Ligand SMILES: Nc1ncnc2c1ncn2[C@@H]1O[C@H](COP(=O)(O)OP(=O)(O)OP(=O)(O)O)[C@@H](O)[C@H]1O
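To begin, one chain is listed below as structure tokens, in the form predicted on its own.
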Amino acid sequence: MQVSTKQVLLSVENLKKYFPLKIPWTQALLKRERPTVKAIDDISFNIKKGETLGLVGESGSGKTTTGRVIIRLIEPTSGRILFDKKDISKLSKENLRRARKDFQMIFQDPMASLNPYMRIGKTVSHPLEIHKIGTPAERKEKVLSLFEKVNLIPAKEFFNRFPRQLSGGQRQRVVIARAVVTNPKFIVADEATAMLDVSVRSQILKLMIDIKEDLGLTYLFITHDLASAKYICDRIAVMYLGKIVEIAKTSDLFKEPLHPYTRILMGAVPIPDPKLKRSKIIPKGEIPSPINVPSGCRFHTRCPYATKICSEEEPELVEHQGRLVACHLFDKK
């Protein structure tokens, strides 16, 4: 399943992100180790140039943290992040600032990520000013061209509007335009359609696909919506409680999910045919706390197929039927 290094744009190796908890000093004196939230716990994956990799899972699985750590909006606890063969996890602040024009992020809530007191023309051209790209006239021309590309027409009228004067779908188009204005190579799209109506969602997904083809982009598409992931992603990585449990081509994953957790997620996807029924696997209990992660396979407390080894030994992410899966049901040993 590993791809050639010549094709890889982003490589994540043994990435971890732990958040230490704040506790009263009296408790800190009695405890040897400070409790931590293991948001990302030793994950590795690759994204090829021109590919869209989906990252799916329940809320609290670590998807958003993974996206933010990859582009260093949050500092990793340990591990390596190789972007275009350069280890960006070790870049200084100044070198990281210069490199940021090559990787950008589309946030979930467009209203929260836009300055309400800044006109959207200025908002989209601001990254060009930061990186000193072009003259003021050239920047304005590029922004107007981008507005037409993302269907904010007439572009000259939108240029001087404030975010509050736009609809939700229009705001997300502005966020997309701002993300691509520096001609990046890689974009993290964090629940880019979650705040939108269903009628608008498909339009934004199509826009993202068109822009990706026009500009030669690579995406990490973070979502809890498997229907959106099926539409836009080439491969999908399934995440549970800080771990990746399965990575496969989108068509293979929807045809035959292997990991029990993936099967549960697939069982929750509605089928647009009342005559067809999908067998559902109901997980036991609730998601464990990321502070006290279960021993062995962290899904074993909810898995209907769990055996004794599942509670004792953590499964490795191994190749099986042309994909990667972390489950003792498919352990060759």
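Quick caveat: nothing in here was measured; it's all calculated off a predicted structure. Don't overthink the numbering: it's just position in the shown sequence, from 1.
Below, we turn to the form predicted in complex with the ligand, even though it does not appear here.
Peer 1: Is it true that 119, 163 and 197 each have at least one non-hydrogen atom within 4.5 Å of the ligand in the predicted bound form?
Peer 2: No: none of 119, 163 and 197 comes within 4.5 Å of the ligand in the predicted bound form.
Peer 1: Please identify the residue among 224, 201, 149, 263 with any heavy atom within 4.5 Å of the ligand in the predicted bound form.
Peer 2: Looking at 224, 201, 149, 263 one by one, just 224 meets the 4.5 Å heavy-atom criterion.
Peer 1: My question is simply whether residue 300 lines the interface with the ligand in the predicted bound form - judged by any non-hydrogen atom within 4.5 Å.
Peer 2: Result no; residue 300 lies far from the ligand in the predicted bound form.
Peer 1: Any chance residue 60 has a heavy atom within 4.5 Å of the ligand in the predicted bound form?
Peer 2: Close contact exists here: in the predicted bound form, residue 60 approaches the ligand to within 4.5 Å, heavy atoms only.
Peer 1: So in the predicted bound form, does residue 69 come within 4.5 Å of the ligand, heavy atom to heavy atom?
Peer 2: No, residue 69 is distant from the partner.
Peer 1: Classify residue 293 as contacting or not contacting the ligand in the predicted bound form by the rule of any non-hydrogen atom within 4.5 angstroms, answering yes or no.
Peer 2: The answer is no: residue 293 has no heavy atom within 4.5 Å of the ligand.
Peer 1: Output the sequence-ordered list of residues from 97 to 135 with at least one heavy atom within 4.5 Å of the ligand in the predicted bound form.
Peer 2: Residue within 4.5 Å: 108, and no other.
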